[in-house]
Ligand SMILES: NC(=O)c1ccc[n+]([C@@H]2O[C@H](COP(=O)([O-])OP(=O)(O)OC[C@H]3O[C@@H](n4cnc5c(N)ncnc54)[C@H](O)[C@@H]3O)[C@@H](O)[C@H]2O)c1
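The form predicted alone is given below as one chain in structure tokens.
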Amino acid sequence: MKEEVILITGACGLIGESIVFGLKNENYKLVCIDNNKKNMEKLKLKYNDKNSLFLTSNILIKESLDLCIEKAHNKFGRIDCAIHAAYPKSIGWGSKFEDLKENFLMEDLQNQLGLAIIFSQKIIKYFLHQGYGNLIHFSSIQGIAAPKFDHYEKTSMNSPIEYSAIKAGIISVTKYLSKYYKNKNLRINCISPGGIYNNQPKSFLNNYKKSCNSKGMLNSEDILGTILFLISRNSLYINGQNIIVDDGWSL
């Protein structure tokens, strides 16, 4: 059994659950946080044991995140690494630029980019008290490059402008925090995955693959190797970096 304790937000999400599955197979101790009660119960049925803690919590609500960190500490005595994979979306998420409503825009900017900053503040406070820590955020290829709009032709899909803004912001937040906490025994990095397969239309998948080197759309488990690397001591001096995993999409 590995001794490291890994905290994961958005543990029931597309990427989050793959992280949980992969880290359980590697025998890490896990703190899994998500606001979806039904999906959290399913996750517990799959993976529950004495080395796991499952917390159903809406970390957008004031003080709920502090409570989750407290419960994690009470169970394990420490948190070695935190992976922020939560991805809350408004009901207006995915609108075209021309149809974007201000209230939904503000909600998504707050709940995604704002939450990433607040999560960082809370967990880094804990890490500083502990004397060390490792924080991993999730950005996206849309945070480093404009969407390839032709990929979306003849589909109902859209790449929202706020998604690009949020993901670019997370890269900036990662770099800022890494330098801000220089000499504090912290590592802060982010991962920018390419598109993750989730039953997208065939025409989109074909167009997307043309921009890649081999596979095209990734499966969520394709991110796991990078997660394991960033958790491990093999990445000890990687700090403030955005690691791109996109099968060449951004080249």
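Numbering starts at 1 and follows the sequence shown. It should be emphasised that the depicted structure is a prediction, and the values quoted were computed from it without experimental measurement.
Same protein, other form: the form predicted together with the named molecule, not shown, and the subject of what follows.
Asker: Do all of Asn134, Tyr181 and Thr226 end up near the named molecule in the predicted bound form, with near meaning a heavy atom within 4.5 Å?
Answerer: Result no, not one residue of the spot touches the named molecule.
Asker: Flag Gly114 as yes or no: does it have a non-hydrogen atom within 4.5 angstroms of any non-hydrogen atom of the named molecule in the predicted bound form?
Answerer: No, Gly114 sits far enough from the named molecule in the predicted bound form that none of its heavy atoms falls within 4.5 Å.
Asker: So, in the predicted bound form, is Gly195 in contact with the named molecule at a 4.5 angstroms heavy atom limit?
Answerer: Residue-level check for Gly195: yes, a contact with the named molecule.
Asker: Would Arg78 show up as a contact with the named molecule in the predicted bound form if we use heavy atoms at 4.5 Å?
Answerer: Outside the cut-off, so no.
Asker: My question is simply whether Tyr163 lines the interface with the named molecule in the predicted bound form - judged by any non-hydrogen atom within 4.5 Å.
Answerer: Close contact exists here: in the predicted bound form, Tyr163 approaches the named molecule to within 4.5 Å, heavy atoms only.
Asker: Between Asn36, Ser203, Asn48, Asn219, only one gets a heavy atom within 4.5 angstroms of the named molecule in the predicted bound form; which residue is that?
Answerer: Of the listed residues, the single hit is Asn36.
Asker: Of the residues Lys89, Lys125, Lys148, Lys175, which one places a heavy atom within 4.5 Å of the named molecule in the predicted bound form?
Answerer: In short, Lys89.
Asker: Heavy atoms within 4.5 Å of the named molecule in the predicted bound form: which of the stretches 117-125, 100-108, 152-160, 78-86 has them?
Answerer: Among the listed stretches, the partner-contacting one is 78-86.
Asker: Since the partner is left out here, which residues of 132-150 would have a heavy atom within 4.5 Å of the named molecule in the predicted bound form?
Answerer: Result: Phe138, Ser139, Ser140.
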